[in-house]
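One chain comes next, on its own, written out as C-alpha coordinates in the form predicted on its own.
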(Lines give C-alpha, C1' and ligand atoms only; values in the text may rest on other atoms or scores of the structure.)
Protein backbone atom coordinates (compact mmCIF):
# COMPACT_ATOMS: atom_id res chain seq x y z
CA UNK A 1 0.00 0.00 0.00
CA UNK A 2 1.70 3.15 -1.18
CA UNK A 3 -0.87 5.84 -0.38
CA UNK A 4 -2.34 5.96 3.14
CA UNK A 5 -3.50 9.55 3.39
CA UNK A 6 -7.25 10.06 3.62
CA UNK A 7 -8.03 6.34 3.57
CA UNK A 8 -9.73 4.42 6.38
CA UNK A 9 -8.56 1.47 8.46
CA UNK A 10 -10.55 -0.69 10.89
CA UNK A 11 -8.48 -2.30 13.66
CA UNK A 12 -9.64 -5.02 16.05
CA UNK A 13 -8.12 -5.39 19.50
CA UNK A 14 -7.06 -1.78 19.17
CA UNK A 15 -7.29 -0.61 22.78
CA UNK A 16 -3.71 -1.58 23.62
CA UNK A 17 -0.75 -3.65 22.54
CA UNK A 18 -0.06 -4.41 18.89
CA UNK A 19 -3.47 -3.20 17.74
CA UNK A 20 -3.08 0.16 19.45
CA UNK A 21 0.36 0.86 18.02
CA UNK A 22 -0.63 -0.26 14.53
CA UNK A 23 -3.64 2.06 14.76
CA UNK A 24 -1.45 4.91 15.91
CA UNK A 25 1.06 4.25 13.13
CA UNK A 26 -1.65 4.19 10.45
CA UNK A 27 -3.19 7.40 11.77
CA UNK A 28 0.22 9.07 11.67
CA UNK A 29 0.37 8.12 7.99
CA UNK A 30 -2.77 10.19 7.47
CA UNK A 31 -5.39 7.46 7.69
CA UNK A 32 -8.74 7.64 9.41
CA UNK A 33 -8.67 4.87 12.01
CA UNK A 34 -11.54 3.12 13.73
CA UNK A 35 -10.28 1.20 16.73
CA UNK A 36 -12.41 -1.59 18.15
CA UNK A 37 -12.10 -3.65 21.30
CA UNK A 38 -14.15 -5.67 23.77
CA UNK A 39 -12.64 -3.66 26.66
CA UNK A 40 -14.61 -0.42 26.36
CA UNK A 41 -12.78 1.34 29.19
CA UNK A 42 -9.38 0.77 27.62
CA UNK A 43 -10.81 1.58 24.18
CA UNK A 44 -12.14 4.96 25.29
CA UNK A 45 -8.81 5.79 26.89
CA UNK A 46 -6.90 4.81 23.74
CA UNK A 47 -9.14 6.93 21.51
CA UNK A 48 -8.80 9.97 23.77
CA UNK A 49 -5.02 9.61 23.85
CA UNK A 50 -4.69 9.40 20.07
CA UNK A 51 -7.18 12.19 19.46
CA UNK A 52 -5.12 14.36 21.80
CA UNK A 53 -2.20 13.74 19.44
CA UNK A 54 -4.27 15.27 16.66
CA UNK A 55 -4.94 11.95 14.96
CA UNK A 56 -8.19 11.05 13.18
CA UNK A 57 -9.23 8.15 15.40
CA UNK A 58 -12.57 6.94 16.67
CA UNK A 59 -13.61 3.83 18.56
CA UNK A 60 -16.38 1.27 18.55
CA UNK A 61 -16.99 -1.59 21.01
CA UNK A 62 -16.66 -5.02 19.41
CA UNK A 63 -16.80 -8.62 20.54
CA UNK A 64 -15.25 -10.26 17.48
CA UNK A 65 -17.06 -13.55 18.18
CA UNK A 66 -20.46 -11.96 17.47
CA UNK A 67 -21.27 -11.29 13.81
CA UNK A 68 -24.05 -8.86 14.66
CA UNK A 69 -21.53 -6.64 16.45
CA UNK A 70 -19.29 -6.73 13.39
CA UNK A 71 -22.17 -5.52 11.25
CA UNK A 72 -22.93 -2.68 13.67
CA UNK A 73 -19.24 -1.71 13.87
CA UNK A 74 -18.95 -1.61 10.08
CA UNK A 75 -22.00 0.63 9.83
CA UNK A 76 -20.52 3.05 12.37
CA UNK A 77 -17.23 3.07 10.48
CA UNK A 78 -18.93 3.92 7.19
CA UNK A 79 -21.02 6.61 8.90
CA UNK A 80 -17.90 8.15 10.42
CA UNK A 81 -15.47 7.93 7.51
CA UNK A 82 -17.26 6.75 4.37
CA UNK A 83 -15.15 4.24 2.48
CA UNK A 84 -13.09 1.54 4.19
CA UNK A 85 -9.72 0.56 2.69
CA UNK A 86 -8.00 -1.58 5.30
CA UNK A 87 -8.98 -4.29 7.77
CA UNK A 88 -6.54 -5.20 10.55
CA UNK A 89 -7.55 -8.44 12.25
CA UNK A 90 -5.53 -8.18 15.42
CA UNK A 91 -7.83 -9.25 18.29
CA UNK A 92 -6.48 -12.39 19.87
CA UNK A 93 -6.36 -14.42 23.06
CA UNK A 94 -3.86 -16.97 24.26
CA UNK A 95 -4.49 -19.20 27.27
CA UNK A 96 -1.80 -21.80 27.89
CA UNK A 97 -1.98 -25.30 29.29
CA UNK A 98 -1.36 -28.96 28.61
CA UNK A 99 -3.66 -30.57 26.07
CA UNK A 100 -5.58 -32.45 28.77
CA UNK A 101 -6.13 -29.41 31.01
CA UNK A 102 -7.01 -26.50 28.76
CA UNK A 103 -10.66 -27.58 28.48
CA UNK A 104 -13.39 -27.34 25.86
CA UNK A 105 -14.54 -23.87 26.89
CA UNK A 106 -11.08 -22.42 26.30
CA UNK A 107 -10.72 -24.23 22.99
CA UNK A 108 -14.00 -22.74 21.79
CA UNK A 109 -13.04 -19.31 23.14
CA UNK A 110 -9.66 -19.26 21.40
CA UNK A 111 -11.04 -20.51 18.09
CA UNK A 112 -14.01 -18.14 18.19
CA UNK A 113 -11.82 -15.09 18.89
CA UNK A 114 -8.69 -15.91 16.88
CA UNK A 115 -10.29 -17.68 13.92
CA UNK A 116 -13.97 -16.79 13.68
CA UNK A 117 -13.01 -13.20 14.51
CA UNK A 118 -11.11 -13.16 11.21
CA UNK A 119 -13.87 -15.00 9.37
CA UNK A 120 -16.60 -12.58 10.49
CA UNK A 121 -14.33 -9.63 9.78
CA UNK A 122 -13.83 -10.87 6.25
CA UNK A 123 -17.53 -11.53 5.68
CA UNK A 124 -18.48 -8.03 6.79
CA UNK A 125 -15.58 -5.88 5.60
CA UNK A 126 -14.34 -7.50 2.38
CA UNK A 127 -17.50 -6.37 0.51
CA UNK A 128 -16.75 -2.83 1.72
CA UNK A 129 -13.16 -3.07 0.49
CA UNK A 130 -14.43 -4.22 -2.91
CA UNK A 131 -17.29 -1.74 -3.21
CA UNK A 132 -15.32 1.42 -4.04
CA UNK A 133 -13.06 -0.24 -6.60
CA UNK A 134 -9.97 1.48 -5.20
CA UNK A 135 -8.35 -1.68 -3.89
CA UNK A 136 -7.62 -2.37 -0.27
CA UNK A 137 -5.50 -4.14 2.30
CA UNK A 138 -6.06 -6.87 4.86
CA UNK A 139 -3.53 -7.45 7.63
CA UNK A 140 -4.19 -10.50 9.79
CA UNK A 141 -2.15 -10.87 12.96
CA UNK A 142 -0.99 -14.44 13.46
CA UNK A 143 2.20 -15.49 15.28
CA UNK A 144 5.39 -17.49 14.90
CA UNK A 145 3.33 -20.03 16.82
CA UNK A 146 1.23 -20.30 13.67
CA UNK A 147 4.31 -21.33 11.69
CA UNK A 148 5.63 -23.84 14.22
CA UNK A 149 3.61 -25.26 17.11
CA UNK A 150 5.00 -25.19 20.64
CA UNK A 151 4.31 -27.21 23.76
CA UNK A 152 1.52 -26.20 26.14
CA UNK A 153 -0.08 -23.83 23.65
CA UNK A 154 -1.98 -26.18 21.38
CA UNK A 155 -5.17 -24.12 21.11
CA UNK A 156 -3.28 -20.88 20.48
CA UNK A 157 -0.96 -22.47 17.93
CA UNK A 158 -3.86 -24.10 16.09
CA UNK A 159 -5.73 -20.81 15.90
CA UNK A 160 -2.69 -18.91 14.62
CA UNK A 161 -1.93 -21.61 12.04
CA UNK A 162 -5.50 -21.11 10.86
CA UNK A 163 -4.89 -17.36 10.67
CA UNK A 164 -1.90 -17.98 8.40
CA UNK A 165 -3.85 -20.41 6.24
CA UNK A 166 -6.85 -18.07 5.93
CA UNK A 167 -4.51 -15.28 4.90
CA UNK A 168 -2.86 -17.50 2.28
CA UNK A 169 -6.27 -18.35 0.85
CA UNK A 170 -7.48 -14.75 0.78
CA UNK A 171 -4.22 -13.64 -0.80
CA UNK A 172 -4.91 -15.43 -4.08
CA UNK A 173 -8.68 -15.15 -3.87
CA UNK A 174 -8.75 -11.35 -3.50
CA UNK A 175 -5.87 -10.45 -5.78
CA UNK A 176 -8.21 -9.87 -8.72
CA UNK A 177 -10.06 -7.25 -6.66
CA UNK A 178 -6.90 -5.28 -5.96
CA UNK A 179 -6.94 -6.30 -2.30
CA UNK A 180 -3.51 -7.09 -0.87
CA UNK A 181 -3.30 -9.52 2.06
CA UNK A 182 -0.50 -9.76 4.60
CA UNK A 183 -0.05 -11.86 7.72
CA UNK A 184 1.97 -10.58 10.66
CA UNK A 185 3.85 -13.32 12.51
CA UNK A 186 5.57 -11.88 15.58
CA UNK A 187 7.19 -13.80 18.40
CA UNK A 188 7.20 -12.33 21.91
CA UNK A 189 6.06 -8.71 22.03
CA UNK A 190 5.41 -6.59 25.12
CA UNK A 191 1.66 -6.83 25.60
CA UNK A 192 -0.90 -8.26 27.99
CA UNK A 193 -1.84 -11.36 26.01
CA UNK A 194 -0.72 -13.43 29.00
CA UNK A 195 -3.69 -11.87 30.85
CA UNK A 196 -6.21 -12.23 28.02
CA UNK A 197 -8.54 -14.29 30.20
CA UNK A 198 -9.42 -11.07 32.03
CA UNK A 199 -11.85 -10.36 29.17
CA UNK A 200 -13.14 -13.92 28.63
CA UNK A 201 -16.87 -13.76 27.99
CA UNK A 202 -19.35 -15.43 30.35
CA UNK A 203 -20.37 -18.06 27.79
CA UNK A 204 -16.80 -19.38 27.77
CA UNK A 205 -16.44 -19.45 31.54
CA UNK A 206 -16.14 -15.80 32.48
CA UNK A 207 -13.15 -13.58 33.30
CA UNK A 208 -10.16 -14.79 35.30
CA UNK A 209 -7.21 -12.59 36.23
CA UNK A 210 -3.67 -13.73 35.53
CA UNK A 211 -2.69 -13.05 39.13
CA UNK A 212 -5.33 -15.54 40.29
CA UNK A 213 -4.01 -18.12 37.83
CA UNK A 214 -0.50 -17.65 39.19
CA UNK A 215 -1.73 -18.08 42.77
CA UNK A 216 -3.25 -21.38 41.70
CA UNK A 217 -0.10 -22.47 39.87
CA UNK A 218 3.03 -20.31 40.45
CA UNK A 219 4.83 -21.75 37.40
CA UNK A 220 2.41 -19.81 35.19
CA UNK A 221 4.33 -16.62 36.04
CA UNK A 222 6.79 -17.70 33.35
CA UNK A 223 4.15 -16.98 30.70
CA UNK A 224 4.16 -13.32 31.69
CA UNK A 225 7.95 -13.14 31.80
CA UNK A 226 8.21 -14.37 28.20
CA UNK A 227 5.86 -11.65 26.98
CA UNK A 228 6.97 -8.61 28.99
CA UNK A 229 10.61 -9.22 28.02
CA UNK A 230 9.69 -9.25 24.32
CA UNK A 231 10.36 -6.47 21.84
CA UNK A 232 8.66 -3.09 22.14
CA UNK A 233 5.26 -2.89 20.48
CA UNK A 234 6.06 0.27 18.55
CA UNK A 235 8.90 -1.61 16.84
CA UNK A 236 6.33 -4.08 15.56
CA UNK A 237 4.19 -1.23 14.25
CA UNK A 238 7.14 0.26 12.38
CA UNK A 239 7.94 -3.15 10.90
CA UNK A 240 4.31 -3.46 9.82
CA UNK A 241 4.57 -0.12 8.03
CA UNK A 242 7.56 -1.43 6.08
CA UNK A 243 5.65 -4.57 5.20
CA UNK A 244 2.54 -2.73 4.10
CA UNK A 245 4.51 -0.36 1.87
CA UNK A 246 6.30 -3.26 0.18
CA UNK A 247 3.16 -5.43 0.11
CA UNK A 248 4.96 -8.28 1.86
CA UNK A 249 2.84 -11.33 2.58
CA UNK A 250 4.66 -12.78 5.60
CA UNK A 251 5.72 -9.95 7.89
CA UNK A 252 8.24 -11.22 10.43
CA UNK A 253 9.53 -9.25 13.41
CA UNK A 254 12.09 -11.57 15.02
CA UNK A 255 15.02 -12.32 12.67
CA UNK A 256 16.57 -14.82 15.08
CA UNK A 257 13.71 -17.23 14.25
CA UNK A 258 15.29 -17.74 10.82
CA UNK A 259 17.01 -20.88 12.16
CA UNK A 260 13.61 -22.34 13.07
CA UNK A 261 12.22 -21.53 9.61
CA UNK A 262 15.21 -23.12 7.89
CA UNK A 263 14.90 -26.26 10.03
CA UNK A 264 11.19 -26.50 9.28
CA UNK A 265 11.79 -26.08 5.54
CA UNK A 266 14.49 -28.76 5.65
CA UNK A 267 12.08 -31.18 7.34
CA UNK A 268 9.44 -30.50 4.69
CA UNK A 269 11.89 -31.05 1.83
CA UNK A 270 13.17 -34.23 3.48
CA UNK A 271 9.64 -35.55 3.88
CA UNK A 272 8.88 -34.83 0.21
CA UNK A 273 12.07 -36.59 -0.88
CA UNK A 274 11.03 -39.66 1.10
CA UNK A 275 7.62 -39.55 -0.57
CA UNK A 276 9.26 -39.35 -4.01
CA UNK A 277 11.43 -42.38 -3.19
CA UNK A 278 8.59 -44.38 -1.60
CA UNK A 279 7.86 -47.81 -3.20
CA UNK A 280 4.27 -47.45 -1.96
CA UNK A 281 3.90 -44.36 -4.15
CA UNK A 282 5.58 -45.80 -7.23
CA UNK A 283 2.37 -45.62 -9.29
CA UNK A 284 1.47 -42.10 -8.19
CA UNK A 285 2.10 -39.47 -10.93
CA UNK A 286 4.98 -37.07 -10.40
CA UNK A 287 3.14 -34.31 -12.22
CA UNK A 288 -0.36 -32.95 -11.67
CA UNK A 289 -2.51 -29.98 -10.78
CA UNK A 290 -1.02 -27.71 -8.14
CA UNK A 291 -3.42 -25.25 -6.49
CA UNK A 292 -1.96 -22.26 -4.67
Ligand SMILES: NC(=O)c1ccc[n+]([C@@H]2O[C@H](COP(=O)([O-])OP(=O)(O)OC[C@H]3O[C@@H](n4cnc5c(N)ncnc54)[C@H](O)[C@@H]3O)[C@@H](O)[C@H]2O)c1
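All values derive from a computational prediction rather than experimental measurement. Numbering follows the first chain given and starts at 1.
Only in words, not in the display: the form predicted in complex with the named molecule, which the text now covers.
Novice: Just to be sure I understand the contacts: of 201, 165, 172, 209, which is the one whose heavy atoms reach within 4.5 angstroms of the named molecule in the predicted bound form?
Specialist: Contact residue from the list: 201.
Novice: 189, 126, 102, 115: which sits within 4.5 Å of the named molecule in the predicted bound form by any heavy atom?
Specialist: Looking at the other structure, the residue within range turns out to be 189.
Novice: Thinking of the named molecule in the predicted bound form, which stretch from 128 to 136, 78 to 86, 213 to 221, 142 to 150 has heavy atoms inside 4.5 Å of it?
Specialist: Flagged stretch: 142 to 150.
Novice: I'd like to check something about residue 161: if you look in the predicted bound form, is any of its heavy atoms closer than or equal to 4.5 Å to a heavy atom of the named molecule?
Specialist: No.
Novice: Consider residue 38 of the chain shown here, and say whether it contacts the named molecule in the predicted bound form, taking contact as heavy atoms within 4.5 Å.
Specialist: Yes, residue 38 lies within 4.5 Å of the named molecule in the predicted bound form.
Novice: So, residue 13 and the named molecule: in the predicted bound form, are they within 4.5 Å at any heavy atom pair?
Specialist: Within the cut-off, so yes.
Novice: Just to confirm, residue 181 within 4.5 Å of the named molecule in the predicted bound form by heavy atoms?
Specialist: No, residue 181 is distant from the partner.
Novice: May I ask whether 34, 73 and 120 all come within 4.5 angstroms of the named molecule in the predicted bound form, judged by heavy atoms?
Specialist: The answer is no: none of the three residues contacts the partner (heavy atom, 4.5 Å cut-off).
Novice: Taking heavy atoms and a 4.5 Å limit, what residues of 230 to 259 are near the named molecule in the predicted bound form?
Specialist: Not one residue comes within 4.5 Å of the partner.
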